[in-house]
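The form predicted on its own is given below as one chain in C-alpha coordinates.
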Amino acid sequence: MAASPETAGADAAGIAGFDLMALPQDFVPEAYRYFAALRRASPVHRNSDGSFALSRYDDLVSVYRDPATWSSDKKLEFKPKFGASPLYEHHTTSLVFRDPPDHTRIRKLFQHAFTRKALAALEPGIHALVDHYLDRFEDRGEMDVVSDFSFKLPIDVVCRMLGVPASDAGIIHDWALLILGGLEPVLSDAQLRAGCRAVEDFKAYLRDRIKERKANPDGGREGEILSALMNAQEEGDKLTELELLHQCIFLLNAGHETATNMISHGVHEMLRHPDQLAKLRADPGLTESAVEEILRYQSPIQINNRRATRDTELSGVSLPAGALVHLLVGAANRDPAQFPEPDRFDIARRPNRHLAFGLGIHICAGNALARLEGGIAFEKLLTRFPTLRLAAPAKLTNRIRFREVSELKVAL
(Lines give C-alpha, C1' and ligand atoms only; values in the text may rest on other atoms or scores of the structure.)
Protein backbone atom coordinates (compact mmCIF):
# COMPACT_ATOMS: atom_id res chain seq x y z
CA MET A 1 0.00 0.00 0.00
CA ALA A 2 1.34 3.43 -0.89
CA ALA A 3 2.47 5.74 1.88
CA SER A 4 0.59 8.93 2.65
CA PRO A 5 2.34 12.02 1.23
CA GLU A 6 1.63 13.82 4.52
CA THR A 7 3.74 11.33 6.49
CA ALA A 8 6.26 10.07 3.94
CA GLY A 9 9.72 10.99 5.19
CA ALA A 10 8.33 12.95 8.15
CA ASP A 11 10.33 10.93 10.68
CA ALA A 12 13.58 11.07 8.73
CA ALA A 13 16.23 12.62 10.95
CA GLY A 14 17.79 15.81 9.65
CA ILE A 15 15.60 16.30 6.59
CA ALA A 16 12.02 16.43 7.94
CA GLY A 17 12.16 20.22 8.13
CA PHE A 18 13.55 20.71 4.63
CA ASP A 19 11.37 23.08 2.61
CA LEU A 20 12.07 24.15 -0.97
CA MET A 21 9.97 27.25 -0.27
CA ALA A 22 12.18 28.34 2.66
CA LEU A 23 15.65 27.02 2.00
CA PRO A 24 18.50 27.24 4.52
CA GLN A 25 21.13 29.90 3.88
CA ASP A 26 23.79 27.34 3.01
CA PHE A 27 21.67 25.53 0.43
CA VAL A 28 23.47 26.68 -2.74
CA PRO A 29 27.02 25.71 -1.65
CA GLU A 30 25.74 22.56 0.09
CA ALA A 31 23.02 21.58 -2.39
CA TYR A 32 24.37 18.09 -3.09
CA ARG A 33 24.53 17.27 0.62
CA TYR A 34 20.86 18.19 0.99
CA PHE A 35 19.99 16.26 -2.17
CA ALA A 36 21.69 13.13 -0.84
CA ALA A 37 19.75 13.35 2.42
CA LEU A 38 16.48 13.75 0.51
CA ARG A 39 17.21 10.74 -1.70
CA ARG A 40 17.89 8.55 1.31
CA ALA A 41 15.18 9.70 3.69
CA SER A 42 12.41 11.46 1.78
CA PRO A 43 12.65 10.98 -2.01
CA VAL A 44 9.10 12.31 -2.50
CA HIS A 45 9.32 15.19 -0.07
CA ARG A 46 6.39 17.46 0.76
CA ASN A 47 7.04 21.20 0.93
CA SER A 48 5.10 23.75 2.96
CA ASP A 49 3.02 24.79 -0.06
CA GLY A 50 1.88 21.20 -0.71
CA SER A 51 4.24 20.59 -3.63
CA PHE A 52 6.70 17.69 -3.71
CA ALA A 53 10.45 17.55 -4.33
CA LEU A 54 11.61 14.45 -6.24
CA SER A 55 15.25 13.44 -5.85
CA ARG A 56 15.58 9.89 -7.22
CA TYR A 57 16.73 9.26 -10.78
CA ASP A 58 14.08 6.64 -11.54
CA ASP A 59 11.27 8.93 -10.40
CA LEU A 60 12.46 11.76 -12.64
CA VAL A 61 12.70 9.38 -15.60
CA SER A 62 9.15 8.16 -14.92
CA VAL A 63 7.85 11.72 -14.92
CA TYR A 64 9.76 12.82 -18.03
CA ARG A 65 8.56 9.79 -19.99
CA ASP A 66 4.89 10.22 -19.13
CA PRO A 67 3.74 13.64 -20.40
CA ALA A 68 0.13 12.46 -20.36
CA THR A 69 0.25 12.12 -16.55
CA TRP A 70 2.75 14.92 -15.91
CA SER A 71 1.84 18.22 -17.57
CA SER A 72 4.34 20.99 -18.35
CA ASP A 73 1.61 23.62 -18.62
CA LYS A 74 2.14 26.22 -15.88
CA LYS A 75 -0.99 28.36 -16.07
CA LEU A 76 -2.43 27.09 -12.78
CA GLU A 77 0.70 27.62 -10.73
CA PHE A 78 1.95 30.79 -12.43
CA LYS A 79 -1.32 32.73 -12.15
CA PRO A 80 -1.10 33.21 -8.35
CA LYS A 81 2.64 33.87 -8.61
CA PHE A 82 2.68 36.30 -11.55
CA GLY A 83 -0.92 37.50 -11.89
CA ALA A 84 -1.92 38.89 -15.28
CA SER A 85 1.60 40.15 -15.88
CA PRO A 86 4.14 40.08 -18.73
CA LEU A 87 6.05 37.34 -16.87
CA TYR A 88 2.89 35.23 -16.80
CA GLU A 89 2.36 35.86 -20.51
CA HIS A 90 5.92 34.83 -21.36
CA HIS A 91 6.25 31.75 -19.18
CA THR A 92 2.89 30.34 -20.26
CA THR A 93 3.47 31.01 -23.96
CA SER A 94 7.05 29.81 -24.48
CA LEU A 95 7.76 26.31 -25.73
CA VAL A 96 9.08 24.77 -22.54
CA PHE A 97 5.81 25.27 -20.63
CA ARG A 98 3.41 24.02 -23.30
CA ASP A 99 1.81 20.60 -23.67
CA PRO A 100 0.94 18.82 -26.92
CA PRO A 101 -0.47 19.63 -29.39
CA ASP A 102 0.84 23.22 -29.05
CA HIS A 103 4.25 22.00 -27.90
CA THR A 104 4.51 19.68 -30.90
CA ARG A 105 3.46 22.42 -33.32
CA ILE A 106 5.92 25.01 -32.01
CA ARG A 107 8.86 22.66 -31.51
CA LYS A 108 8.72 21.59 -35.15
CA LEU A 109 9.57 25.16 -36.14
CA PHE A 110 12.88 24.93 -34.27
CA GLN A 111 13.98 21.53 -35.49
CA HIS A 112 15.65 22.72 -38.69
CA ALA A 113 17.98 24.93 -36.65
CA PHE A 114 19.42 21.97 -34.76
CA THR A 115 19.82 19.33 -37.44
CA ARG A 116 23.22 17.74 -38.01
CA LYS A 117 23.57 19.78 -41.20
CA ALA A 118 22.72 23.04 -39.42
CA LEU A 119 25.20 22.33 -36.62
CA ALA A 120 27.92 21.43 -39.11
CA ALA A 121 27.38 24.81 -40.75
CA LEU A 122 27.75 26.55 -37.37
CA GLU A 123 30.90 24.71 -36.31
CA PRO A 124 33.51 26.78 -38.22
CA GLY A 125 32.02 29.95 -36.78
CA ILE A 126 32.20 28.54 -33.25
CA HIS A 127 35.88 27.67 -33.74
CA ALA A 128 36.53 31.21 -35.01
CA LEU A 129 34.72 32.81 -32.08
CA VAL A 130 36.65 30.79 -29.50
CA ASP A 131 39.97 31.60 -31.19
CA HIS A 132 39.01 35.28 -31.23
CA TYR A 133 38.25 35.33 -27.51
CA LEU A 134 41.42 33.47 -26.56
CA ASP A 135 43.65 35.61 -28.80
CA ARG A 136 42.74 38.60 -26.64
CA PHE A 137 44.18 36.92 -23.55
CA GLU A 138 47.41 35.56 -24.99
CA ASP A 139 49.49 38.27 -23.29
CA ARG A 140 47.40 38.66 -20.15
CA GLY A 141 48.09 36.91 -16.90
CA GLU A 142 44.49 36.41 -15.77
CA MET A 143 40.94 36.19 -17.05
CA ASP A 144 37.44 35.79 -15.68
CA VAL A 145 36.16 32.69 -17.44
CA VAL A 146 32.54 33.80 -17.08
CA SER A 147 32.56 37.39 -18.36
CA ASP A 148 35.46 36.93 -20.78
CA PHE A 149 34.63 33.54 -22.27
CA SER A 150 31.75 31.29 -21.21
CA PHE A 151 29.12 34.04 -21.41
CA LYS A 152 30.33 35.39 -24.73
CA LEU A 153 30.41 32.19 -26.78
CA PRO A 154 26.85 30.82 -26.37
CA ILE A 155 25.12 34.18 -26.60
CA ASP A 156 27.13 35.20 -29.68
CA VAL A 157 26.17 31.90 -31.32
CA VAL A 158 22.47 32.17 -30.50
CA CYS A 159 22.40 35.84 -31.54
CA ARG A 160 23.78 34.80 -34.92
CA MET A 161 21.18 32.05 -35.21
CA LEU A 162 18.35 34.44 -34.45
CA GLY A 163 19.68 37.35 -36.48
CA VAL A 164 20.35 39.64 -33.51
CA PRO A 165 23.48 41.87 -33.50
CA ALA A 166 26.20 40.53 -31.20
CA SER A 167 26.64 44.08 -29.92
CA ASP A 168 23.30 43.69 -28.14
CA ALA A 169 24.36 40.56 -26.25
CA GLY A 170 24.92 42.40 -22.98
CA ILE A 171 21.43 43.83 -22.66
CA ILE A 172 19.92 40.52 -23.80
CA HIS A 173 21.83 38.73 -21.05
CA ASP A 174 20.51 41.20 -18.47
CA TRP A 175 16.94 40.68 -19.64
CA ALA A 176 17.42 36.91 -19.62
CA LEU A 177 18.59 36.88 -16.00
CA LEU A 178 15.57 38.91 -14.90
CA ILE A 179 13.09 36.79 -16.86
CA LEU A 180 14.55 33.43 -15.86
CA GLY A 181 14.88 34.70 -12.30
CA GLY A 182 11.09 34.70 -12.20
CA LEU A 183 11.23 30.89 -12.17
CA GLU A 184 12.90 30.75 -8.76
CA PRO A 185 10.65 29.07 -6.15
CA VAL A 186 10.28 32.30 -4.15
CA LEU A 187 10.00 35.71 -5.85
CA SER A 188 10.14 39.17 -4.26
CA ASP A 189 7.97 42.07 -5.43
CA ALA A 190 11.07 43.81 -6.77
CA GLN A 191 12.07 40.72 -8.77
CA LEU A 192 8.55 40.46 -10.18
CA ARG A 193 8.56 44.08 -11.33
CA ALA A 194 12.04 43.81 -12.84
CA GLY A 195 11.16 40.58 -14.66
CA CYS A 196 8.00 42.12 -16.11
CA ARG A 197 9.89 45.17 -17.35
CA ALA A 198 12.46 42.88 -18.98
CA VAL A 199 9.73 40.98 -20.86
CA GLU A 200 8.19 44.20 -22.17
CA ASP A 201 11.57 45.65 -23.15
CA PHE A 202 12.53 42.40 -24.86
CA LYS A 203 9.26 42.29 -26.83
CA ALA A 204 9.73 45.90 -27.99
CA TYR A 205 13.29 45.09 -29.05
CA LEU A 206 12.17 42.04 -31.04
CA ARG A 207 9.35 43.94 -32.73
CA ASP A 208 11.99 46.36 -34.03
CA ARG A 209 14.12 43.45 -35.30
CA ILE A 210 11.08 41.90 -37.01
CA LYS A 211 10.20 45.22 -38.62
CA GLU A 212 13.76 45.51 -39.94
CA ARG A 213 13.69 41.96 -41.31
CA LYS A 214 10.35 42.54 -43.07
CA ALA A 215 11.79 45.67 -44.66
CA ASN A 216 14.86 43.69 -45.75
CA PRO A 217 13.77 40.05 -46.11
CA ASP A 218 17.02 39.05 -47.83
CA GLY A 219 19.23 40.55 -45.13
CA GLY A 220 19.34 37.53 -42.83
CA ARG A 221 21.92 34.77 -42.74
CA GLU A 222 21.13 31.41 -44.29
CA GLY A 223 19.13 29.31 -41.84
CA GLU A 224 18.35 32.27 -39.57
CA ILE A 225 15.64 31.28 -37.10
CA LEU A 226 13.96 34.70 -36.94
CA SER A 227 13.05 34.54 -40.63
CA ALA A 228 11.75 31.00 -40.28
CA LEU A 229 9.57 31.92 -37.32
CA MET A 230 8.28 35.01 -39.10
CA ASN A 231 7.31 32.93 -42.12
CA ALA A 232 5.48 30.51 -39.88
CA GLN A 233 3.68 33.38 -38.16
CA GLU A 234 2.57 34.82 -41.48
CA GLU A 235 1.02 31.50 -42.50
CA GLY A 236 -1.72 32.29 -39.99
CA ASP A 237 -2.62 29.28 -37.93
CA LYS A 238 0.86 28.08 -36.99
CA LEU A 239 2.29 30.88 -34.88
CA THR A 240 0.59 33.93 -33.42
CA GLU A 241 2.42 37.22 -32.94
CA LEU A 242 2.76 36.62 -29.20
CA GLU A 243 4.03 33.10 -29.82
CA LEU A 244 6.58 34.48 -32.27
CA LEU A 245 7.87 37.02 -29.76
CA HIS A 246 7.98 34.64 -26.83
CA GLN A 247 9.65 31.81 -28.73
CA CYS A 248 12.39 34.25 -29.73
CA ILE A 249 12.80 35.36 -26.11
CA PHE A 250 12.84 31.74 -24.99
CA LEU A 251 15.47 30.80 -27.56
CA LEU A 252 17.74 33.69 -26.62
CA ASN A 253 17.35 32.98 -22.90
CA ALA A 254 17.60 29.20 -22.94
CA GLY A 255 20.10 29.17 -25.78
CA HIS A 256 22.89 30.61 -23.68
CA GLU A 257 22.00 29.96 -20.02
CA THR A 258 22.77 26.23 -20.02
CA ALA A 259 25.87 26.42 -22.22
CA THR A 260 27.36 29.35 -20.28
CA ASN A 261 27.12 27.55 -16.96
CA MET A 262 28.26 24.24 -18.46
CA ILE A 263 31.46 25.88 -19.74
CA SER A 264 32.05 27.78 -16.48
CA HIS A 265 31.55 24.70 -14.32
CA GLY A 266 33.58 22.60 -16.73
CA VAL A 267 36.65 24.82 -16.51
CA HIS A 268 36.29 24.98 -12.73
CA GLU A 269 35.95 21.22 -12.26
CA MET A 270 38.82 20.40 -14.61
CA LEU A 271 41.12 22.74 -12.71
CA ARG A 272 39.89 21.38 -9.36
CA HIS A 273 40.66 17.83 -10.51
CA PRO A 274 44.21 17.87 -11.95
CA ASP A 275 44.17 14.10 -12.45
CA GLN A 276 41.19 14.44 -14.80
CA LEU A 277 42.77 17.42 -16.56
CA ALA A 278 45.94 15.39 -17.14
CA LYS A 279 43.83 12.50 -18.45
CA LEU A 280 42.05 14.77 -20.93
CA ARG A 281 45.27 16.37 -22.13
CA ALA A 282 46.80 12.92 -22.65
CA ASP A 283 43.71 11.74 -24.55
CA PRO A 284 41.72 14.51 -26.30
CA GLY A 285 39.38 11.78 -27.48
CA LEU A 286 37.82 11.97 -24.00
CA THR A 287 36.43 15.46 -24.70
CA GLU A 288 32.96 14.18 -25.51
CA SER A 289 32.66 12.09 -22.36
CA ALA A 290 34.19 14.94 -20.33
CA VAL A 291 31.36 17.22 -21.49
CA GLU A 292 28.81 14.62 -20.38
CA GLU A 293 30.42 14.27 -16.97
CA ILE A 294 30.46 18.03 -16.47
CA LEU A 295 26.76 18.15 -17.30
CA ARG A 296 26.06 15.36 -14.81
CA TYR A 297 28.33 16.59 -12.03
CA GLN A 298 27.21 20.23 -12.10
CA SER A 299 23.86 20.25 -13.85
CA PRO A 300 23.30 23.82 -15.15
CA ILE A 301 19.54 23.44 -14.64
CA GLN A 302 18.87 22.03 -11.19
CA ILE A 303 15.07 22.00 -11.03
CA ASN A 304 12.24 21.31 -13.46
CA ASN A 305 8.52 21.11 -12.67
CA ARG A 306 5.46 19.12 -13.65
CA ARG A 307 1.84 18.87 -12.49
CA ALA A 308 -0.09 15.59 -12.17
CA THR A 309 -3.13 15.33 -14.44
CA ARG A 310 -4.46 12.30 -12.51
CA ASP A 311 -3.88 10.33 -9.32
CA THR A 312 -0.56 8.51 -9.50
CA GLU A 313 2.30 7.11 -7.41
CA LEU A 314 6.06 7.61 -7.15
CA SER A 315 8.45 5.69 -4.86
CA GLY A 316 5.50 4.24 -2.98
CA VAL A 317 3.94 7.64 -2.31
CA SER A 318 0.43 8.40 -3.59
CA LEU A 319 0.14 11.74 -5.38
CA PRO A 320 -3.26 13.24 -6.18
CA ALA A 321 -4.31 14.84 -9.45
CA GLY A 322 -3.12 18.44 -9.44
CA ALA A 323 -0.01 17.72 -7.38
CA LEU A 324 2.98 19.90 -8.34
CA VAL A 325 6.37 18.20 -8.33
CA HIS A 326 9.83 19.75 -8.43
CA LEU A 327 12.23 17.54 -10.38
CA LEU A 328 15.59 17.90 -8.62
CA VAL A 329 17.85 17.26 -11.59
CA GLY A 330 21.00 17.89 -9.59
CA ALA A 331 19.92 15.22 -7.11
CA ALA A 332 18.98 12.65 -9.76
CA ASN A 333 22.30 13.13 -11.52
CA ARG A 334 24.11 12.05 -8.35
CA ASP A 335 21.86 9.12 -7.51
CA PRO A 336 24.11 6.16 -6.60
CA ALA A 337 21.44 3.79 -7.88
CA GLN A 338 22.26 5.05 -11.39
CA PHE A 339 25.81 6.43 -11.09
CA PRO A 340 28.47 4.45 -9.16
CA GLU A 341 30.47 6.77 -6.87
CA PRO A 342 28.28 9.70 -7.93
CA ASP A 343 30.31 12.35 -6.10
CA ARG A 344 33.47 11.37 -7.98
CA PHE A 345 34.26 13.51 -11.03
CA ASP A 346 35.26 11.04 -13.76
CA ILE A 347 35.58 12.29 -17.34
CA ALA A 348 35.71 8.71 -18.66
CA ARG A 349 32.44 7.69 -16.98
CA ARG A 350 30.45 5.24 -19.08
CA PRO A 351 27.53 4.91 -19.27
CA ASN A 352 26.45 8.40 -18.32
CA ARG A 353 22.71 8.75 -18.83
CA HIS A 354 22.38 12.06 -17.00
CA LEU A 355 19.25 14.21 -17.07
CA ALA A 356 20.89 17.62 -17.49
CA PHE A 357 18.89 18.25 -20.67
CA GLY A 358 15.74 16.51 -19.49
CA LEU A 359 14.21 13.54 -21.28
CA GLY A 360 11.27 12.70 -23.51
CA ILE A 361 9.30 15.19 -25.58
CA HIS A 362 10.67 18.17 -23.63
CA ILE A 363 14.35 17.29 -23.95
CA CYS A 364 16.29 20.49 -24.60
CA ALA A 365 16.07 21.25 -28.33
CA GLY A 366 19.54 22.83 -28.28
CA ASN A 367 21.35 20.05 -26.41
CA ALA A 368 23.51 19.08 -29.40
CA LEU A 369 24.54 22.71 -29.93
CA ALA A 370 25.47 23.13 -26.25
CA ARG A 371 27.57 19.96 -26.39
CA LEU A 372 29.31 21.19 -29.54
CA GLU A 373 30.10 24.57 -27.96
CA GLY A 374 31.42 22.93 -24.79
CA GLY A 375 33.67 20.48 -26.61
CA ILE A 376 35.27 23.20 -28.74
CA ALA A 377 35.61 25.58 -25.79
CA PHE A 378 37.32 23.08 -23.48
CA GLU A 379 39.66 21.68 -26.11
CA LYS A 380 40.87 25.07 -27.32
CA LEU A 381 41.17 26.72 -23.90
CA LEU A 382 43.11 23.86 -22.34
CA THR A 383 45.37 23.53 -25.38
CA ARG A 384 46.10 27.25 -25.71
CA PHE A 385 46.97 27.67 -22.02
CA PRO A 386 48.77 24.53 -20.77
CA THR A 387 49.58 26.12 -17.38
CA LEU A 388 46.01 27.30 -16.74
CA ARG A 389 45.17 27.28 -13.02
CA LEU A 390 42.60 28.65 -10.62
CA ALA A 391 43.32 32.12 -9.28
CA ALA A 392 40.35 31.90 -6.88
CA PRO A 393 37.46 29.51 -6.19
CA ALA A 394 34.38 29.93 -8.33
CA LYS A 395 31.66 32.22 -6.99
CA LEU A 396 28.12 30.85 -7.22
CA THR A 397 25.04 33.02 -7.68
CA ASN A 398 22.34 32.54 -5.06
CA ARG A 399 19.93 30.94 -7.51
CA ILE A 400 18.10 27.68 -6.95
CA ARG A 401 16.74 26.64 -10.33
CA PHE A 402 19.97 27.33 -12.20
CA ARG A 403 23.43 26.50 -10.84
CA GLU A 404 25.16 29.62 -12.04
CA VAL A 405 28.80 30.63 -11.71
CA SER A 406 29.02 34.41 -11.42
CA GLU A 407 32.82 34.70 -11.39
CA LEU A 408 35.73 32.37 -12.08
CA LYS A 409 39.20 33.89 -12.06
CA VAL A 410 41.97 31.83 -13.67
CA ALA A 411 45.68 32.45 -14.16
CA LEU A 412 46.92 31.88 -17.69
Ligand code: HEM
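Heads up: residue numbers just count along the shown sequence, starting at 1. Here the structure is a predicted model, which means the values were calculated and not measured.
The following text describes the form predicted together with protoporphyrin IX containing FE, which does not appear among the structures shown.
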item	value
Protoporphyrin IX containing FE in the model of the complex reached by all of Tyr64, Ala259 and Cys364, non-hydrogen atom within 4.5 Å	yes
Contact test in the model of the complex: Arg306 vs protoporphyrin IX containing FE, heavy atoms, 4.5 Å	yes
4.5 Å heavy atom contact, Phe149 and protoporphyrin IX containing FE in the model of the complex	no
In the model of the complex, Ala370 touching protoporphyrin IX containing FE (heavy atom, 4.5 Å)	yes
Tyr205, heavy atom within 4.5 angstroms of protoporphyrin IX containing FE in the model of the complex	no
Interface segment, criterion being heavy atoms within 4.5 Å of protoporphyrin IX containing FE in the model of the complex, picked from 173 to 181, 275 to 283, 209 to 217, 259 to 267	259 to 267
Interface residue in the model of the complex among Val317, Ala254, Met230, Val130, criterion: non-hydrogen atom within 4.5 angstroms of protoporphyrin IX containing FE	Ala254
Of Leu226, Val158, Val199, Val325, the one that lies within 4.5 Å of protoporphyrin IX containing FE in the model of the complex (heavy atoms)	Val158
Residues from 293 to 330 in contact with protoporphyrin IX containing FE (non-hydrogen atom within 4.5 Å) in the model of the complex	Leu295, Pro300, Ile301, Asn304, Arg306
